[in-house]
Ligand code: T6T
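Quick heads-up: it's one chain on its own, the form predicted alone, in structure tokens.
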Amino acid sequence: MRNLVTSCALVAALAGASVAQAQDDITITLVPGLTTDAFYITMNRGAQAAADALGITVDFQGAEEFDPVLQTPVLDAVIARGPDAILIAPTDSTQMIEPLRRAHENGIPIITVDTFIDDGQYQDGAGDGDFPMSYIASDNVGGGRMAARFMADAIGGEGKVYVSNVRPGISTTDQREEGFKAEMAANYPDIEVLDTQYNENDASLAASQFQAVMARNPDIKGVFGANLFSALGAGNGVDSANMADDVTVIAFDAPKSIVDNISSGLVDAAIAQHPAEIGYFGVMAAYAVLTGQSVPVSIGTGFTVINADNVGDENIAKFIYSE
């Protein structure tokens, strides 16, 4: 996938849009992966901040679970209401192509946030899902690599580790796993990455999977949780096994529950995305499209690593996701 343009570059790209006359009759709908997750709640806060700055309306409509079967009827209802643009975190890179095509065919510009459809290569004339205008997200491959480096350092560059993930087909978690494995393969030959465990976003299942992996590999040294529930479950499994001092747990994302586990020592570090930035720049990009500006087809936001050394730092608090 092409490198994401940084959010700083987006600021420059939107310079024209920022001085355009505000149009209070513009309505943009943000469809999150799910409405109850702190990541998407924080994303919406950023989106609302952009809406306030522009004098437009941003609605927040989604399902309560991360599931394309549930997201599709929500999207259909949004399309029927006819917003000026849709920001969406697609819950499956393949299954959400056709539902989003219906919005495109109705003349509604689409920008994907956090996750993408097809291969995420937009506006290039190739692929079934190249019609969104832009993709705004963290560099998830880079975040996976960052997690691998932190893990390798924590376990002394050797030992057995594995990835706890949701399921195949989710663009972000697929890429985090890809980055983690690529970094380990390239730079840490003495670390063995065991088979990935898929938990269907069920923390209880992720906890029991740790127990099963440990039974087969009593010398296990680390787990990378590719999303919130994967990390929470893995951490709980480590705790139940009384292995917190022996097994390193790296989490992706930083809601309060994960940060509390860093403070208690159950989780060693979290790779915190900047979801408020994603929401803010998503709205700005949609507004730019609606006011005749051009935007990059891919826009990247940053990461902050939260660990025991900085978890109490007031400058880090702004990167903890809203509940």
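Keep in mind that this is a model prediction, so the values were computed, not measured. Don't overthink the numbering: it's just position in the shown sequence, from 1.
Although not depicted, the form predicted in complex with alpha-D-tagatopyranose (T6T) is the subject of the following passage.
Chemist: Based on heavy atom distances of at most 4.5 Å to alpha-D-tagatopyranose (T6T) in the model of the complex, which listed stretch, 294-302, 261-269, 33-41, 52-60, is the contact stretch?
Modeler: Selected stretch: 33-41.
Chemist: So in the model of the complex, is alpha-D-tagatopyranose (T6T) close enough to Glu183 to count as touching (4.5 Å, heavy atoms)?
Modeler: Taking the distances in the model of the complex, the answer for Glu183 is no, it never comes within 4.5 Å of alpha-D-tagatopyranose (T6T).
Chemist: Closest heavy atom of Asp139 to alpha-D-tagatopyranose (T6T) in the model of the complex, within 4.5 Å or not?
Modeler: Looking in the model of the complex, residue contacts with alpha-D-tagatopyranose (T6T) do not include Asp139, since no heavy atom lies within 4.5 Å.
Chemist: Might Tyr280 be said to contact alpha-D-tagatopyranose (T6T) in the model of the complex, defining contact as any heavy atom within 4.5 Å?
Modeler: The answer is no: Tyr280 has no heavy atom within 4.5 Å of alpha-D-tagatopyranose (T6T).
Chemist: Using a 4.5 Å heavy atom cut-off, state whether Leu228 contacts alpha-D-tagatopyranose (T6T) in the model of the complex.
Modeler: Although alpha-D-tagatopyranose (T6T) is absent here, Leu228 would touch it in the model of the complex, with heavy atoms inside 4.5 Å.
Chemist: Pick from Thr172, Asn199, Gln71, Thr248: which residue has any heavy atom within 4.5 angstroms of alpha-D-tagatopyranose (T6T) in the model of the complex?
Modeler: That would be Thr172.
Chemist: Sequence order please: the residues of 114-129 with a heavy atom within 4.5 Å of alpha-D-tagatopyranose (T6T) in the model of the complex.
Modeler: Read in sequence order, the residues that approach alpha-D-tagatopyranose (T6T) (within 4.5 Å, in the model of the complex) are Asp114, Thr115.
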